[in-house]
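Next up: just one chain, as structure tokens, the form predicted alone.
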Amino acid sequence: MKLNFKQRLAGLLVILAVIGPGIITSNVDNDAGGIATYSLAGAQFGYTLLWISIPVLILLVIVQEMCSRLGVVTGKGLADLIRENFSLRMTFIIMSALVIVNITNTISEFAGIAAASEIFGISRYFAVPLSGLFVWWIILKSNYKSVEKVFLAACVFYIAYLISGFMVKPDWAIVAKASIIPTFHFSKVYIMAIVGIIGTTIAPWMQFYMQSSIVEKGIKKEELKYSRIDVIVGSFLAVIVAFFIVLTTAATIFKSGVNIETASDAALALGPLAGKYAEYLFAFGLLNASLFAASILPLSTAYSVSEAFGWELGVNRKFSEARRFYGLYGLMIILGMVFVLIPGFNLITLMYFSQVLNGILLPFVIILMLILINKNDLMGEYKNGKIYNIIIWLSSIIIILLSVAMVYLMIF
């Protein structure tokens, strides 16, 4: 049966009303640490890692869809469900690990802000505190709808990386071949690059933020299919951005043989190789991504901890109604700024350490999610079916093995 114009318009409006959590969560993980990881992958191995985009996309969609379904069906955040279905000890351990991981990641985001601002000639001692005040003001003075609009607007500016990719004029025939045909180098560095890309694309904090934002947005069961569209669109956009970051650095830095260690190094290297416009676009993308993530990561932490301990939470509440929630959000921002402003502090080591912590925590979060989503009394008809369950378990085992491999290779 064909839909008339009014029915199509009504369907579109429902999609627009539901869309947000999936797009925001997936794209915000293209943060300072993610951009550094993708830049290093392209700079070290050229186009040979572009093929990883397809399996990463599949894994990202699967994990995020699970979060979406858990949040829509239960009406509760992931931390809330962990507290109710597992021991208090387990909840405390997971929350403690998550807070530590998120602190290191938040510091990395402010490090990205500092590095990007200095490329534009702005001192970090001005840019970092100003950015901290900005992200605090956004959350404190807004409700969920207005905050979501700001975050969705930030997603648009990731187009800077797509433009940079076209500006460096890659060999598109080679790009197409490398994107489809897997290439393997059986070396420790290459394997670390693969698992590093997966680890930074599917970070533990994403699952907590995704589910919490779905709950606060109030998405209902009958809107679940639209929430899935949100997840798929967000995952595609995030992976496309990551693809173009690898492509840009592969087409320029890899060919020139320049050594880089951070995302800001990649931006600076593009200047003499592809022109100042490419350098500034890349740096602008880093600044936008870091500022975006510096808002989300502390917010994700505040949601998770508040849920786990039963505190009042949510950006729809006033400060006086959720003091602990806003207090934790502010504390995360302050810690992120302070470490970046310490002269001589080794930010490269910290960003490296944050990725290791992500890899350690991710398998535990995935296992807990799988147990929860297969509970009949919790999910009912919305729990995983047999075929879908096999696919997700196999995908999750792959994620777990790769995360363990990443941690092992980074340590040893």
Partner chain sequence: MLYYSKLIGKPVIDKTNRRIGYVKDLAFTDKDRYAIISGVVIEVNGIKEMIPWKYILEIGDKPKDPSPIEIYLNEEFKKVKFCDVCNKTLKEVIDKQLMDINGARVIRVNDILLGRTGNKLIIVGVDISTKGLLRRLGLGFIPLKKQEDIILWKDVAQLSDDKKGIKLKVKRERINKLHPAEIADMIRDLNLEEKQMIFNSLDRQKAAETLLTSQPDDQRTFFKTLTFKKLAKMLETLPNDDAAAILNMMPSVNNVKVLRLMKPGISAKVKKVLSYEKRTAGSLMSTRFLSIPEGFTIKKSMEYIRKEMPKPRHVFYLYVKSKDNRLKGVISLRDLILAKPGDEVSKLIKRDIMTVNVDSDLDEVFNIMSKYSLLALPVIDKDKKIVGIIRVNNIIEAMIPERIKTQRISKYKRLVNNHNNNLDRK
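Residue numbers count along the first chain shown, from 1. Bear in mind the structure is a predicted one, so any value in this text is a computation, not a measurement.
Separately, the form predicted in complex with the partner chain exists; it is not shown, and the next lines address it.
S.K.: How about residue 217: is it within 4.5 Å of the partner chain in the predicted complex, going by heavy atoms?
M.R.: Answer no; every heavy atom of residue 217 is more than 4.5 Å from the partner chain in the predicted complex.
S.K.: When the contact criterion is heavy atoms within 4.5 Å, does residue 309 count as touching the partner chain in the predicted complex?
M.R.: Output for residue 309 is yes: heavy atoms within 4.5 Å of the partner chain.
S.K.: I'd like to know if residue 313 sits close to the partner chain in the predicted complex, meaning any non-hydrogen atom pair within 4.5 angstroms.
M.R.: Residue 313 belongs to the contact set for the partner chain.
S.K.: Would residue 236 count as touching the partner chain in the predicted complex under a 4.5 Å heavy atom rule?
M.R.: Output for residue 236 is no: heavy atoms all beyond 4.5 Å of the partner chain.
S.K.: Answer yes or no: in the predicted complex, does the partner chain come within 4.5 Å of a heavy atom in every one of 84, 88 and 324?
M.R.: Yes, the whole candidate spot contacts the partner chain.
S.K.: From the list 62, 56, 378, 369, which entry has a heavy atom within 4.5 Å of the partner chain in the predicted complex?
M.R.: Contact residue from the list: 378.
S.K.: Which residue, 137, 92, 172, 184, is the contact with the partner chain in the predicted complex, using a 4.5 Å heavy atom cutoff?
M.R.: Answer to the contact question: 92.
S.K.: Would you mind picking out the stretch of 74-82, 280-288, 117-125, 188-196 that comes within 4.5 angstroms of the partner chain in the predicted complex, counting non-hydrogen atoms?
M.R.: It is the stretch 74-82.
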